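A lone chain, given as structure tokens: the form predicted on its own.
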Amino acid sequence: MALLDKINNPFFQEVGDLARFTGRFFREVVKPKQEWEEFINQCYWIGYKTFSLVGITAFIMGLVLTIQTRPTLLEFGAESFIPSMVSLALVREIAPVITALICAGKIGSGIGAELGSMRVTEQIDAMEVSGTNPFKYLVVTRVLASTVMVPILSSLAIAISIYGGYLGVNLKGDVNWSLYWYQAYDALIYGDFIPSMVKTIFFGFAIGIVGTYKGYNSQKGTEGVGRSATTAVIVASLLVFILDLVAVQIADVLGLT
């Protein structure tokens, strides 16, 4: 009886429903025909419309990181290591994770609210009646767009944040432009970039699948729409941290750290 109660636990039911939803996504994504026009439209909204927020955050992130670390390194006479240290921290961990969290907040909540509104106003039901496949049009396109655009946004965030680090170094010093970039990139190897880019693909997929799942299965009217948007952000953010932990462990086992 205790085992039955655990199986009927809402948490495990939610995990099972999400797993079935993900399985349906993989089945639908290989079936013709693909909604390329909607996919490109979602790439525009997910990527281009989020870039300004990501860019500003990345710039401030690089600037603040440099300013905060400079006094400590200055005490040990290691000020010359600031460019390499900042670039390693940003490329390996900070920029990809912060970018994913921003996308979880903006994209996850937006998708959850949009699909939730369509569900409670019966627009999705109307699409099913008219012969359109709402899952492929609404879910597959958004998940694919999120999976593609989050790594691109992360790459741009890395470049912008390193530039912010350059300005941070020169606030209380005078470092040549070419010298800064040489030191920043000389400390990096492909083993730093590859795990960073690979995990952002999974970040983007997790954000997209959670946002669409919560919105597509929204219930209880307008209250359910707000709940879908909120829980999409919470679950997606949590998954970002879990996936990051797994990625770090895998990279460590493969000797990429």
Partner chain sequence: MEKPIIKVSNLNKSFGSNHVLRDFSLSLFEGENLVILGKSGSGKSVLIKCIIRLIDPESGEIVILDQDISLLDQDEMDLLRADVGFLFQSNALYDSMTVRQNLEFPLRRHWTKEERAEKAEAAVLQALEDVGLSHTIDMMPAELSGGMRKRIALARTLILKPKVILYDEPTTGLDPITSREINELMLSIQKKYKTAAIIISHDMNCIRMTGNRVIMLIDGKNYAEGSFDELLKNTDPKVRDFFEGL
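Treat the numbers as computed from the prediction; the structure is a model and nothing was measured. Residue numbers count along the first chain shown, from 1.
Same protein, other form: the form predicted together with the partner chain, not shown, and the subject of what follows.
To verify the annotation, which of these, Thr132, Ser155, Asn170, Ser84, has a non-hydrogen atom within 4.5 Å of the partner chain in the predicted bound form?
Selected residue: Thr132.
Is Asp125 one of the residues lying within 4.5 Å of the partner chain in the predicted bound form, judged by heavy atom distances?
Contact with the partner chain, yes.
With the partner left out of view, is Asp192 within 4.5 angstroms of the partner chain in the predicted bound form by any non-hydrogen atom?
Outside the cut-off, so no.
Do Trp181 and the partner chain share at least one heavy atom pair within 4.5 Å in the predicted bound form?
Outside the cut-off, so no.
Given that the partner chain is not shown alongside this chain, does Tyr137 nevertheless sit within 4.5 Å of it in the predicted bound form, heavy atom to heavy atom?
Looking in the predicted bound form, residue contacts with the partner chain include Tyr137, since a heavy atom lies within 4.5 Å.
Out of the stretches listed (30-38, 209-217, 52-60, 224-232), which one is close to the partner chain in the predicted bound form, meaning heavy atoms within 4.5 Å?
Contact criterion met by 30-38 only.
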